[in-house]
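Read the single chain below, which is given as structure tokens and is the form predicted alone.
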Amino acid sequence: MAEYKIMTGNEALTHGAIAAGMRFFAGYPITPATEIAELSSELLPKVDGTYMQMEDELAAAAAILGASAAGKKAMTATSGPGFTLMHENVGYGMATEIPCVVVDVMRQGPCQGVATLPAQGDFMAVKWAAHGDHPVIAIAPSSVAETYTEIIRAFNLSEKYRTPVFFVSDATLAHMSEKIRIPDASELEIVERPQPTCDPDEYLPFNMEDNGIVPMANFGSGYRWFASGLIHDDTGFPVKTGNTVAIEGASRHLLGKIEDNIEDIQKWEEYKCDDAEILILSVGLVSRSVKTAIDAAREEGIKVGLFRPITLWPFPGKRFAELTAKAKTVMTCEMNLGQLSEIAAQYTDRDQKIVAITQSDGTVIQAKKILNAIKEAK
């Protein structure tokens, strides 16, 4: 039976992850994500799960990959400085196609920045979280309720497409409290990892044909597979240096399994976009200030709308381009110095005006500032 509770963003994220089937968490304390680790340590033993306190973030990323390879849905949570330390093992997870969820609760940066203040400076960091060509799925909620439902979707996509998935929150959303609806378990779609049914001697853990997503055998289940971080063939063993066809094929396989299923992965919100002459691109918590500003602008006869990617990566560029083609002005609104503006420029006409509303002082952009920018841009 569904119930209503008041939760913070970090609490909703943890409860949602457990509802999705998370049974292993490894992490290292870091503001503003520490509450996720604390609550995981309390709740996981109650559902026959495991919590591990690690010595650092690099080890945490390694631990969740190992737990996932053994068959457990696994997650870690960190903030910008810790996320940077995870990049080496994130790349390994991409190469070996091991499902896991990595939460980045953004704070003011760069480097140590200001630990207690919110920001949105990691949009590009989650896109390029490891070197080389690799697929990226990153989800960015805008409310506590959406944090609960979208962390479940993050686990589902991770298991379905055998890939690490990033979940991007921020310090304010993590610590704010809201009333949310907790769905009954029967309402939830939970994706479980398919297991191979072939003879163990016939199992190919990395089938490159037709960008197939191969069932992932759990370590210890009787199926043996080699998880090499080197470019490998469908057996998992490294390809020969001179085998350019296999090298190209492996890279395209990683990208293809995401690009070929983009309609299943992408998700976004459109707010009053049907007749919008001004289109605002915004992500996460800031989009709520944007909506307030849009409502006020509409009362003054200004036709403005919001496009909010919920799946930040892969960016829903096709739909965004369709909307920008109908707008006179494109605006971006974000708690950084212009990362969304760089994205918007890829999907707008070269001569189209892009107005960036940016702020990087550790506070959430207020609706009044956005409304003033809308009036100036009309």
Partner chain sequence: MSEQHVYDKYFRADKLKTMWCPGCGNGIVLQSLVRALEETGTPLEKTVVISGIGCSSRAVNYLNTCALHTNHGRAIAFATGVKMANPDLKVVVITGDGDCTSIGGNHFIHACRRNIDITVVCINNNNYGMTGGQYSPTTPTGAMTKTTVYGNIDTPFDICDLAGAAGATYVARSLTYNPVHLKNTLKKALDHKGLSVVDAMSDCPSLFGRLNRLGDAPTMMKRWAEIAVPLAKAKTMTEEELAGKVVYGEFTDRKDRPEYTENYAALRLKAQGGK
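Positions refer to the first chain, counted from 1. The shown structure was predicted, so the numbers you read here are calculated from the model rather than taken from an experiment.
The same protein also exists as the form predicted in complex with its partner chain; that form is not shown, yet it is the one meant from here on.
Would you mind picking out the stretch of 63 to 71, 343 to 351, 310 to 318, 324 to 332 that comes within 4.5 angstroms of its partner chain in the predicted complex, counting non-hydrogen atoms? Comparing against its partner chain in the predicted complex, the contact stretch is 63 to 71.
Which one of M208, I182, C273, A227 is close to its partner chain in the predicted complex, taking close to mean a heavy atom within 4.5 Å? So the residue touching its partner chain in the predicted complex, by this definition, is A227.
Give me the residue from P194, G220, P110, G132 that has a heavy atom within 4.5 Å of its partner chain in the predicted complex. Checking each option against its partner chain in the predicted complex, the one that comes within 4.5 Å is G220.
Is there a heavy atom of P238 lying 4.5 Å or less from a heavy atom of its partner chain in the predicted complex? Although its partner chain is absent here, P238 would touch it in the predicted complex, with heavy atoms inside 4.5 Å.
Check N89 for me: does it contact its partner chain in the predicted complex (non-hydrogen atoms, 4.5 angstroms)? Output for N89 is yes: heavy atoms within 4.5 Å of its partner chain.
Is there any non-hydrogen atom of P29 lying within 4.5 Å of its partner chain in the predicted complex? Judged by the heavy-atom cut-off of 4.5 Å, P29 is well away from its partner chain in the predicted complex.
Does G49 reach its partner chain in the predicted complex if we count a contact as any heavy atom within 4.5 Å? Judged by the heavy-atom cut-off of 4.5 Å, G49 is in contact with its partner chain in the predicted complex.
Just give me the residues of 51 to 65, first to last, that have a heavy atom within 4.5 Å of its partner chain in the predicted complex. The stretch 51 to 65, when checked against its partner chain in the predicted complex, contributes Y51, M52, Q53, M54, E55, D56, L58, A59, A62, A63, L65 at the 4.5 Å heavy-atom cut-off.
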